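Let's start with one chain on its own, the form predicted alone, as structure tokens.
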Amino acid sequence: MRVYLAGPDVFLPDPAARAASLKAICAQHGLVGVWPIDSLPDEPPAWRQLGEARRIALCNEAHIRGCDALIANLTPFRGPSADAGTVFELGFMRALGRPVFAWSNTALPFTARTLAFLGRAARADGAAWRDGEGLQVEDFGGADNLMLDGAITASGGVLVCQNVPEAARWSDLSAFARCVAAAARSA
């Protein structure tokens, strides 16, 4: 089973080493990990004339279409929620009707992370949390936005969340390994 490895991991200082680590864990479970910046063997020559951002987006979509499932790193990235590109890729795979699995190195619920990020929110008489602009804060007890949690569940996938020390947030792969094992069992 080929699995697309979505996540902000491509932004780490050594993305090639990260790719090797993730792919090795996949291989231990009989899966083939596909990294977002892997070369695309059948890339249309016309794509090479495009701007780099457009070419990367097209290649990532092609990689996703060529995979049987997706495993997403939903560890909060530059805010209380998952990386926006990863979220797109998760939704893209879900729209293809294929299984989506995810992992996160925080088990703190999305609402708590959002409130901490905002620094200022209010709740009157048991009503919904409101931010400084008066906008409602999502409060469903999920790991992230309800659409992400829902997509994973509806696809038959699982979401593995665990708390790790802050210093290990981008290096601890134990939740990823558990997620890969679940994906392999589903194959």
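All residue numbers are counted from 1 along the displayed sequence. Just so we're clear, the structure is a prediction, and the values are computed from it rather than from any experiment.
Keep in mind that the form predicted together with a further copy of the same chain is not shown, yet the notes after this line are about it.
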Open item on the list: Given that a further copy of the same chain is not shown alongside this chain, does Leu148 nevertheless sit within 4.5 Å of it in the predicted bound form, heavy atom to heavy atom?
Closed with: yes
Open item on the list: in the predicted bound form, does Thr114 come within 4.5 Å of a further copy of the same chain, counting heavy atoms only?
Closed with: yes
Open item on the list: Residue-level question: is Arg130 within 4.5 Å of a further copy of the same chain in the predicted bound form, judged on heavy atoms?
Closed with: yes
Open item on the list: I'd like to know if Arg169 sits close to a further copy of the same chain in the predicted bound form, meaning any non-hydrogen atom pair within 4.5 angstroms.
Closed with: yes
Open item on the list: Only one of Glu43, Asp68, Glu138, Asp38 gets a heavy atom within 4.5 Å of a further copy of the same chain in the predicted bound form. Which one?
Closed with: Glu138
Task: Heavy atom within 4.5 Å of a further copy of the same chain in the predicted bound form - qualifying residues of 47-83 - done: Glu52, Ala53, Arg54, Ile56, Ala57, Leu58, Asn60, Glu61, Arg65, Phe77, Arg78, Gly79, Pro80, Ser81, Asp83
- [ ] Pin down for me whether the Ala122-Gly79 Cα distance shrinks or grows in the predicted bound form relative to this form (closer or farther, change of 3 Å or more).
- [x] closer
